[in-house]
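In structure tokens, one chain follows: the form predicted alone.
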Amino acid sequence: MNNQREGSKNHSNIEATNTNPWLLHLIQIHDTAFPTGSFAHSFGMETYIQESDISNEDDLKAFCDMYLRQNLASTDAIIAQEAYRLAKENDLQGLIRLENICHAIKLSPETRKGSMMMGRQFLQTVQPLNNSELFTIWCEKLKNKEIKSHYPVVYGIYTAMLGVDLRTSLETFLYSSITSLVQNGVRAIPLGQNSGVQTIFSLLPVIQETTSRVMTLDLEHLDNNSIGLEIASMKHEFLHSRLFIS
């Protein structure tokens, strides 16, 4: 009986281990030490900080809330979701068209460049970890300068190839985007680490709400309506001193 119980217990452990074989790797690629280069980009936030529109924890929370609901939800999150679906269908031409759309909707040169820099860094880092045919072809196209490798497209492809479910892919995409912004805000304002932790914690329900909303949308809903953010990003390159590339 004891052996049966032990065997049953071990079986349960094996099943638990195999439920999400990608989980630990998903945590790994969102670790702050994972080299995506996100620590170098504020995507316009630094302009707001230098103009004193973001000067404390509440301001940072309000900015990130807006960034999630008004920017990511209508642009990059939809792109990442579409990339995930096209990758599942192995639609290479669809992915190339999607990346051209992603490139076109980013009006600010710094935001456009930042998205490409992060995408290329992410792609080059994870390429040795994934040998799927589609991902290998995508890497070859970057090497041959046939694609620009925007981050939301690469992220959608990679999580699809890992076997991550769509909702988790979107939630982690939004989470990583916001945690990077908060950490950069903590450095630039500056704020204490506890303020950063509390800000991220307060935004977790917003990330879940935004994920649910994005899952009801498609490319027809793509809309860059964050004009103030685009202007801030355009002004960023003319700031007297800067901590971030974008």
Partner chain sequence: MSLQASLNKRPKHDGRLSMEFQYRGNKTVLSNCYQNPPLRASRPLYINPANRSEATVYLVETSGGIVEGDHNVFDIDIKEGADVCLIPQSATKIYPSYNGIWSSQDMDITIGPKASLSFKTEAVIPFEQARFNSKTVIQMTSDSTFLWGDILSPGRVARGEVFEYTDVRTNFQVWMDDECLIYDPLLISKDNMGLKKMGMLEDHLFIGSMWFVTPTIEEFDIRELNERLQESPHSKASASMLEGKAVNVRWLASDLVDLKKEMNRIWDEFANYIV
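What you see is a predicted model; the values in this text were computed from it and never measured. Positions refer to the first chain, counted from 1.
The following text describes the form predicted in complex with the partner chain, which does not appear among the structures shown.
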property	result
Candidate stretches 124-132, 83-91, 108-116, 158-166 - the one whose heavy atoms come within 4.5 Å of the partner chain in the model of the complex	108-116
Residue 220 within 4.5 Å of the partner chain in the model of the complex, heavy atoms	yes
Contact test in the model of the complex: residue 203 vs the partner chain, heavy atoms, 4.5 Å	no
Residue contact check: residue 148 to the partner chain in the model of the complex, 4.5 Å heavy atom	yes
Interface membership of residue 57, the partner chain in the model of the complex, 4.5 Å heavy atom rule	no
The partner chain in the model of the complex reached by all of 139, 141 and 176, non-hydrogen atom within 4.5 Å	no
The single option of 210, 180, 70, 195 touching the partner chain in the model of the complex, heavy atom within 4.5 Å	70
Residues in 223-244 close to the partner chain in the model of the complex, defined by a heavy atom within 4.5 Å, in order	223, 224, 225, 226, 227, 228, 229, 230, 231, 234, 235, 237, 238
